[in-house]
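Next up: the same protein chain in two forms, each one alone, written as structure tokens (structure 1, then structure 2).
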Structure 1
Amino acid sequence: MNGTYYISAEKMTVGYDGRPLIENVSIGVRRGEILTLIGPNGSGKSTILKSMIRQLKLIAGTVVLDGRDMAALKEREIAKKLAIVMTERIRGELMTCRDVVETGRYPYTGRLGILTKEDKAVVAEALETVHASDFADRPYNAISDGQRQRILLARAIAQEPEVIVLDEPTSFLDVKHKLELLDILKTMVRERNVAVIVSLHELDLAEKISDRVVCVADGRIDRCDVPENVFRDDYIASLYGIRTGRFNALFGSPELPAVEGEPQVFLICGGGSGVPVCRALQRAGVPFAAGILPESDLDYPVAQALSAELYAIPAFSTASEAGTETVRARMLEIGRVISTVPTFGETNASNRVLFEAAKAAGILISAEEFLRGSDA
């Protein structure tokens, strides 16, 4: 393993009751870096994390923290370096949110656990960091799941750790708080040089936040690489065994399967303007054709996933006159056209031909009309 890793698993075998689930796990994270685990449900992401933080006993191998075998470290030593945010709920009866966050300071207190003025200042700053100051004195058991997740993160921040391990921290958060939490992590990594290991289900978030990604599947570490080499349509489909629909690497999101059948609408689009119409047609159960799209266009991956017929050309190229005429004839045969493109430049002359032919035939409707609820 690379000696610069702040925490690393070396030839680690993990499992339950002595039965291996994943063998020969060798991963690590440096300070100032976010390492994200992704993979199907039940693949072992949480098991790896729990084994690294000693919640599960290792079957084989070692975990090294700041250059030392964690097995030789005392709990208080570990707690000063490593903070944990797991999915299990803590018992917070008779505790306020502030009380829960204050437990993050116990590695630094004496036997009686009495907090100093400095400790309380750290707690207040941690609550402010996760935007939880306004409910800090409410009972912990009386807040929402999303608020609890923010309090648990504040507790981890209050430990002033060198590394934070999080298991599915965004599971109970709405979009706003997902983004806030991940922004907090990125800020801590950048400003405090913290190392972060996190497991995520949301591939779009994993793609945006990660410095490196560990892919777990079929009882093994399938790949560990930078996001650009992981989040590809074909690889994600293989990793998750996707058989229905597909993963859209450009948008970092899954796409439902295309509606099968003879196209009822022809879509002229480009530059990302066609994405909402493609999805609206799919939701309405309307099979459609789309074109003429260069493979470099923002609309191409969504149209490729959702259209019944797609007329595409190579990236950064223009359609031939013969090819344009073939598509024009097919468009007129379909007999109904939606255009999301108001103007056409030199490189998009073929779609101007389609647009003008649809307008002359009286079969053109606007995207705005369709999205307002006109009958598709």
Structure 2
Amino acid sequence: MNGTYYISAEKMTVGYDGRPLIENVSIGVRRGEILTLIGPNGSGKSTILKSMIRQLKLIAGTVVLDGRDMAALKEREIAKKLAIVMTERIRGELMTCRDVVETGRYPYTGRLGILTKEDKAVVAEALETVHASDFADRPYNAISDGQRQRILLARAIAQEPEVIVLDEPTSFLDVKHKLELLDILKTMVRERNVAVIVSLHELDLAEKISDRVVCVADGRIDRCDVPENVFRDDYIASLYGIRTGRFNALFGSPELPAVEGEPQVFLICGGGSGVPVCRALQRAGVPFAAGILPESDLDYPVAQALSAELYAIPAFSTASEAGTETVRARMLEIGRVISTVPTFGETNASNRVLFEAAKAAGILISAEEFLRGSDA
């Protein structure tokens, strides 16, 4: 199994100035695979990456690159196999984007570093890969953060490596540029069969692009597994020590804590229609009850995270008459009802009962009206 890893850390202890921060790190990545490091701030993701690329001295253990101990390899040999995109800002004064990417050819050029036609072609192709050809000749200091990150990736690509190591490449990017960057990475992995090790802050993105996920916390590798086994509500919450709020595994995003207290309004929802209202009520600081939701409903995870009271039934089932009656009584007791359900069918017949009852009692109110009222 280990033999197929392109780069792997074996029983590696990492830290600064000889003081161990994380011990016994054994991770590896194969070609054509993305390995993602996640974990709280300061957990040591960057330390692990820096140790694997030899920027930090190992305290114990070895890093094996392409079957050979990296400590015994020459810089130039490593440079042809491993490229990096790190968080340190580069000083790109008086350099065009193309100049920056051209530095990636360093391990292949002669003594004076003059580029051949082939080198220039590789650089042009790398720029094309990251969709940067149109601003290639602009000064590096004049482009946006998103563009810079792409240029740094192009620089790594121009190095024609077998493995690319990226330390939080998406940190300062907006949503569009994040997706773009990760899409380029995915393409690189698929088309050039490179191995990628990347640390990410964004769990939703990590879940989408990773083949395997390494969880770093409390001075150790907590888990190394496929994303399906890592991105579970309870596990992520414990990994990040989330006590307020909860992690929503389905959406891959964290939710703020629910507003606790006696519900001021009852929300009839389902099919995803309730999510914006749940969030609005949470923002307004209003405790609310919600129902009746099957656990398979799109609204369920958000309502579960944000409501003070939730009336739920097992997935893909319908509520019993007796159950519906209990909820109806509670709803009338709360005294105000918002309904976001556009149509009622067979499976949400119980919600029709609630809706009719609320209408008959004259306590139905629109979400906008309710929120305006609660503001005043």
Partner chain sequence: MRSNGRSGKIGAAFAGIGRVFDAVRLPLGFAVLLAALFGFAFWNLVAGTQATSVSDAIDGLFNPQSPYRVIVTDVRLVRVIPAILLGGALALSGFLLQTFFANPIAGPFILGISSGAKLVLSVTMIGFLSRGIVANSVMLIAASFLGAMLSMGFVLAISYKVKRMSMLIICGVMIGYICSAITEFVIRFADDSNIVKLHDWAMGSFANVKWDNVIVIAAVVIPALIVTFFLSKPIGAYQLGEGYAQNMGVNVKAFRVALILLSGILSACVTAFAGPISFVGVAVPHLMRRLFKTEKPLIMIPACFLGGAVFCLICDLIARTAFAPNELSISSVTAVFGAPIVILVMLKRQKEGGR
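Here, rigid core means the biggest group of C-alpha atoms that superpose within 1.5 Å across both forms. Reference numbering: structure 1, starting with residue 1. The structure displayed is predicted, hence computed values, not measured ones.
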Students should recognise the form predicted on its own as structure 1
Rigid core fitted, is the C-alpha displacement of R148 between the two structures 2 Å or more? yes
Once you overlay the rigid core, does the Cα of L127 travel 2 Å or further between the two structures? yes
To one decimal place, what C-alpha displacement in Å is found for I365 between the two structures with the rigid core superposed? 3.1
